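What follows are structure tokens for two forms of the same protein chain, given separately as structure 1 and structure 2.
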Structure 1
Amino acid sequence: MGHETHVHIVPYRVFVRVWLLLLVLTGILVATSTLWHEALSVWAMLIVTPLKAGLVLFYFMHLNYEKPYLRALVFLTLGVLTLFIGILFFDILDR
């Protein structure tokens, strides 16, 4: 393969740090879900879960090191999904 121009080798320590962070975030998620405070646990879920998914996408799936067009495509896909979930809730709240 004579033209491996931009292959970025991600160091092990980056992956280990991301993994540790994912474990901590999972701990926070589980801890808040056992609390009595419902609003707090819902907010923790809404913030922590996408954060965990983002860590996997950006580091484990190398999105952080990819060309901008690929990142844009991922955001487009997730944006479309979010848009549809948003439209759904407009519909539900109107009923």
Structure 2
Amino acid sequence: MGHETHVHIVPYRVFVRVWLLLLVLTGILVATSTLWHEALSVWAMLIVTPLKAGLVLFYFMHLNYEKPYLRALVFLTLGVLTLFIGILFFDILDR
């Protein structure tokens, strides 16, 4: 009836570049977890992990082509989750 279908063709090189960036970010997480103090590696994880999740959501799950309010809602949810996990780590470090 009134359903419109939009096809978004994404070149493979975009997926390969995002995948390579995800590998680099994973390497950063591994390096920080082995080289730095635990508290500093937690901060690195709290910063890099949502960035990785955003890349996966935007490119591999095609959130890039959704409406802006849906994108904002997803990132608001990720931000609140990151905030709560960060507060939890502050509580653990305080003990």
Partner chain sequence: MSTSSSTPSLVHKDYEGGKLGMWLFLFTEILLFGGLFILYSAYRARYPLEFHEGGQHLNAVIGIANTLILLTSSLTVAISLTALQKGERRRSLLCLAATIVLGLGFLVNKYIEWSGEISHGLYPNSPLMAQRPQGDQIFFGLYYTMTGLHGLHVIAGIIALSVMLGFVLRHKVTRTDFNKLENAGLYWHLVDVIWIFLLPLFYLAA
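All of these numbers come straight from a predicted model, not from anything done at the bench. The term rigid core refers to the most C-alpha atoms you can superpose between the two forms while keeping them within 1.5 Å. Structure 1's sequence is the ruler for residue numbers, which start at 1.
Asks: Since only one of the two is the form predicted together with the partner chain, can you say which one?
Replies: It is the first structure (the form predicted together with the partner chain) rather than the second.
Asks: With both forms fitted on the core, check whether the Cα of residue 71 differs by 2 Å or more between structure 1 and structure 2.
Replies: Residue 71 C-alpha, core-superposed: shift of 2 Å or more.
Asks: So how many degrees does the small rigid bit swing against the big one between structure 1 and structure 2?
Replies: Turning angle of the smaller piece versus the larger: 31 degrees.
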